[in-house]
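Here's a solo chain for you in structure tokens, the form predicted on its own.
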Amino acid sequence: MSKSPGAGMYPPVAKLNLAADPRKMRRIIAEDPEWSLTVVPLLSNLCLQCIVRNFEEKPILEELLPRHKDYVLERLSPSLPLQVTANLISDDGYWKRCCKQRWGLCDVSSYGHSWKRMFFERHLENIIELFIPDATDPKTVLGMVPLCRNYVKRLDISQLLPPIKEPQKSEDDDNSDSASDMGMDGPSMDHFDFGILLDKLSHLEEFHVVYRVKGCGMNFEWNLFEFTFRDCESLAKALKSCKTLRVLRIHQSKVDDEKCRQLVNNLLDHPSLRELNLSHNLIGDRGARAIGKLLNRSKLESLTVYDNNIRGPGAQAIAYALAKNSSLLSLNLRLNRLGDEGGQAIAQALLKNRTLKWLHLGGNEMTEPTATVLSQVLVQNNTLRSINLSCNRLGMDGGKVLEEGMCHNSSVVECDIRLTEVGQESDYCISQVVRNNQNQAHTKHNTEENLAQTSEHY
């Protein structure tokens, strides 16, 4: 037989050994490179997977070994009912996944770095902010109390919804509009009653609330931003019943003199309140007198009432209380209308007060007479650390008397005199004194730390 051309010219082809490559022997190539048909799941893993699948019906966690508990917690769904997980799961990793799933980006540093606290505080805030009086069942809030009362330390309520208004029949639109402007076209604008909740939150320390509706858009009405007297009464009673409250902030809520007096009357002799913020409201002199009374019948350390309508007489009432007060550390009265009458009263009170460290009187229509008394304060008071007089017309002469006072002061480390029309020379001299005081304070602090470390060593 004749051989075909080229026969025997090519080397023999080597036979492929498929068994040498384990990937070619596998019927399924998974994402996990360690997966193989030869690996049988451990019986313990099968049991743990069964626990995860049936956790809602039969939660088993505390009975497990630590490594098995970690296995279960890593695989539990963040959507499990809170009635099952709230008081059973303390692992922060699980609550971190719950927060991430619900809100995306989260800053846990504002919650004491506790994801569980963050979840329950924000969850309860959402329930309250979407509560509609006479439409939402109060049990939706009360049902959360047994689940969250041990973890909620702060509530920050950014809106409160009013009741749903029934449509009214009117003869003409003009009368309807005027009635709406006067708030006479429906029921009073009551909101969520905090009296059913605050006394049950045994660890609540901070409470911030704004009586408004966010994002109302074209449905805007002034009534949506009304803090009624009935609201004030229920809130005041709720605050009185919350004995653990340390920080209270009610801002941008149209709190006037009458409502301020109502609130203060229920805060007198409060056992734990340390910080009060009533900024961006409508408080005048009568409300300021009530606040002055509160200073002498509380343990307040910080009082903030900026952007209100407090004038000279109201400032005098606060000053009278400040002169006898021994607990207040910070006072912020900026953006009021104290004038020289109120500014001088506050300054004279500081000649007697020996505890206040931070004072803010910016934007209060004060002039040279107030600067003159403050100059005496700078000479005699060695407790004050920070003073803000910005946006007042102190003038050239006011700047000079402040400069003279600062030359004899060694305690003030912050002094803001921007937009006060003082001369450049006075501004420079005051800033130099402040810088020297800062250096001395820093040196003193370092020395005290070194001494403390040395005493601990021995």
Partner chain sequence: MSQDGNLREDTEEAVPSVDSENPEERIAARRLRIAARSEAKKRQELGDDSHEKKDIKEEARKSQHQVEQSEKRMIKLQSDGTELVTNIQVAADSRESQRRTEVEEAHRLRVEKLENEAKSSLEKFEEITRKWTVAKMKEIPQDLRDSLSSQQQLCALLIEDKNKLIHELQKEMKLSDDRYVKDLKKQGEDVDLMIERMEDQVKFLMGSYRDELDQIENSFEHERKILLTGNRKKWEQYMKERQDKELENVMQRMKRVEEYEVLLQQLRTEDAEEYNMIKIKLDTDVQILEQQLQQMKATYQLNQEKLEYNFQVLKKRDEENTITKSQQKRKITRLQDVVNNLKIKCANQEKQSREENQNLTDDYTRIMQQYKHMQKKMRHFAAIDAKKFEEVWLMNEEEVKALVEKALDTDRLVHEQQLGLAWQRPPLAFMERCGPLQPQRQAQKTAHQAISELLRLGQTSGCSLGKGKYREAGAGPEAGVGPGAESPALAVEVYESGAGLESGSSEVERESEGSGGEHSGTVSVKMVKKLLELLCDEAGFLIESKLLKLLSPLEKDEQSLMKLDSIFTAMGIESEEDVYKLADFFMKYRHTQGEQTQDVSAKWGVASPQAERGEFTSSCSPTSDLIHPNDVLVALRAFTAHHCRPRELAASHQPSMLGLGGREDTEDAAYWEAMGDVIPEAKLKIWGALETALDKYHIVLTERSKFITDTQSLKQQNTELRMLLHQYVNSRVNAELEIPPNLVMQLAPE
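Residue numbers count along the first chain shown, from 1. The model shown is predicted, which means the values in this text are computed figures rather than measured ones.
Same protein, other form: the form predicted in complex with its partner chain, not shown, and the subject of what follows.
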query	finding
Contact residue in the model of the complex, from Leu48, Ile60, Cys429, Cys391 (heavy atom within 4.5 Å of its partner chain)	Cys391
Contact assignment for its partner chain in the model of the complex, among Lys357, Lys240, Arg337, Arg149, heavy atom within 4.5 Å	Arg337
In the model of the complex, Lys200 touching its partner chain (heavy atom, 4.5 Å)	no
Its partner chain contact in the model of the complex: Asn446, any heavy atom under 4.5 Å	yes
Heavy atom of Glu365 within 4.5 Å of its partner chain in the model of the complex	yes
Met396: touches its partner chain in the model of the complex, heavy atom cutoff 4.5 angstroms	no
Partner-proximal stretch of 64 to 72, 40 to 48, 396 to 404, 414 to 422 relative to its partner chain in the model of the complex, 4.5 angstroms, heavy atom	414 to 422
Heavy atom contacts to its partner chain in the model of the complex at 4.5 Å, residues of 306 to 333 in sequence order	Asp307, Asn308, Arg311
